[in-house]
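Just the one chain here, the form predicted on its own, laid out as structure tokens.
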Amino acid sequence: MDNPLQIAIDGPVSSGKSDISGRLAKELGLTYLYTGAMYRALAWICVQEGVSFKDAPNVYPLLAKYSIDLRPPAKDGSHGFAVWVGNTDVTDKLFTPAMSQGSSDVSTIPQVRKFMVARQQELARGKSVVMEGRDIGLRVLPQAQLKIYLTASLEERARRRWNQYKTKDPTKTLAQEIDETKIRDTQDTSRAADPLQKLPDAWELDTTDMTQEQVVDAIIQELKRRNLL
């Protein structure tokens, strides 16, 4: 394909990026690349190696020791992708509160982000993709035909996270989740390396009161409006 369709979706934690990206990619027949899974995989590697998530001098060398790859999901997979570390599928080990926080911590390390951006660009090169994360429109796919800033209210995003993880941590309250989401937002928007931001050329979509089906439909309508479909 001479001019592959590339859609970049950025936004704060629990704005619906991964669910929407997966649904949108399936609807349009595009490749879905969930970049956050790569940072989660690095956090998982840190745990295996006994390295603190914020210990930059010891975290960065792990990227040379282990390969991290995004692949199509297994037929019985519960996600729209598979994450491999070396020869091991670690996908189902990555979606815990600890890996969520760990991914945010390792992503603040500038050398890690530089490495990941180059790898993500390699994965997307020449392909029609839906890629989501925190700096996709800024660093990874700056030439994407549609850049989306997906957001929702703080309370709604915290509620989504609370519902997602409450079976794994039934003691956590919604109020605690709101406080933790605020911390994640501050961490993502104030980091030195490629902080989360809404780009001037990004189309903002607030998903607070929308179903996933409504969000996907709105994006498809926007693609049509721009004559990209």
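Counting begins at 1, following the sequence as shown. Note that the structure is predicted; figures quoted are calculated from it, not measured.
The following text describes the form predicted in complex with a small molecule, which does not appear among the structures shown.
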Q: Could you tell me which stretch in 55 to 63, 173 to 181, 199 to 207, 34 to 42 has residues with non-hydrogen atoms within 4.5 Å of the small molecule in the predicted bound form?
A: 34 to 42
Q: Verify the contact flag for Arg157: yes if a non-hydrogen atom of it lies within 4.5 Å of a non-hydrogen atom of the small molecule in the predicted bound form, no if not.
A: no
Q.
With a cut-off of 4.5 Å between heavy atoms, is Ile136 one of the residues that contacts the small molecule in the predicted bound form?
A. yes
Q: Answer with yes or no whether Ser104 is in contact with the small molecule in the predicted bound form, where contact means some heavy atom within 4.5 Å.
A: yes
Q) Would Arg119 count as a contact of the small molecule in the predicted bound form, using a 4.5 angstroms cut-off between non-hydrogen atoms? A) no
